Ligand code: DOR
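There is one chain below, alone, in structure tokens, taken in the form predicted alone.
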């Protein structure tokens, strides 16, 4: 039986060499089970066989979004989120691949832990997936031999128990003795603790940004960059939140080309400390929300190429948990189903172009993590795509969220630009407000794995 084929006609496509009207021919993947389709051709011959034709007149087609920083809470914390609900939210938002962090319960700090999460995802995720392995002060052998993972996540701050690695000797060993790409949560633990002691733990959520202040982020980012450049180890700075970190990153990028990359997250691009009055603990995050000057600096950092990736750090908690009085309220917020629409809204406001969005959310994450066959619309790549109506307006509503926690910090905000169809492996997984919950994505694969 021939593999089904899908043709997308009359779309305005964001291609590596420019944006133009084009048609795509896709292998549709298996008729059941997991995805596996590829982009067969751009502007195929009219006689090329197609079992399904999608008229994309008036719509824009981009590669599927790759979100390289999410917390989907499974195993162990599934009352907040699970892999199935989170992957449905991804599909709704045009996210076709996610890379998930290791601070689940139990932590994914061994190959067995990573493999267990891969097995869970294979049975639950409607989009593609990958899982980092977490560093601890004493799991260097696990990190040296890890495979089927995009890289190693270090919590230099903002963690407890075995995942907190702020001892210099342990950090030196990780940077010196491992080969996988490294990434880190950069907040200096000593600075955070000193600030918390000075403020007696904090009287309100407004104190969160004073406890997790500019210095905490800057000191830890400088420390990590020093380790990476001395050991010549590929390193990615997660969720940059301050203007002060940008010169550190830019300098390292000039002196050590290709070694250091960095990203911004949606909440740090949108919210400021002035929003605590309105949103309270809904925007309590680690690293914390900063000032308007920092927000503007992050947008400049993206425009200038110092920051190359936009991610979500999707980290849901229930509203009941978030309503606890500070500092008992947990840090984290949901974002995957609104991230692309938020960036499209920013495009309409003149903050960026569609081509920049594709670079930051699709192409760059694939390049940073060396994900094979993703991030661009080219023949031979995986057929992971998002079809957009750039002018469609919709309002974010808590009750309408697909994430299990059923709320968004952008509740009530009207966005301009919407995902109308999401395709994973050549098969439609989201269309007309509905998802194919039976579909299963596949594990992301990385260049170091070879063939």
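Residue numbers count along the first chain shown, from 1. Quick caveat, the model's predicted, so the values are computed rather than measured.
Same protein, other form: the form predicted together with the named molecule, not shown, and the subject of what follows.
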Next item on the list: Mind telling me which stretch in 114-122, 168-176, 330-338, 87-95 gets its heavy atoms within 4.5 Å of the named molecule in the model of the complex?
Entry: 330-338
Next item on the list: Using heavy atoms only and a 4.5 Å cut-off, determine which of 83, 146, 225, 285 is in contact with the named molecule in the model of the complex.
Entry: 285
Margin query: Going by heavy atom distances of 4.5 angstroms or less, which of 107, 214, 185, 233 would be at the interface with the named molecule in the model of the complex?
Written below: 185
Margin query: Even though the partner isn't displayed, in the model of the complex is residue 239 close enough to the named molecule, meaning a heavy atom within 4.5 Å?
Written below: yes
Next item on the list: Examine residue 191 and determine whether its closest non-hydrogen atom to the named molecule in the model of the complex is within 4.5 angstroms.
Entry: no
Note to self: Check residue 313 for me: does it contact the named molecule in the model of the complex (non-hydrogen atoms, 4.5 angstroms)?
What the structure shows: yes
Checklist line | 4.5 angstroms heavy atom contact with the named molecule in the model of the complex for residue 359 | finding: no
Check: Listed by sequence position, which residues of 69-108 have a non-hydrogen atom within 4.5 angstroms of the named molecule in the model of the complex?
Finding: 71, 73, 103
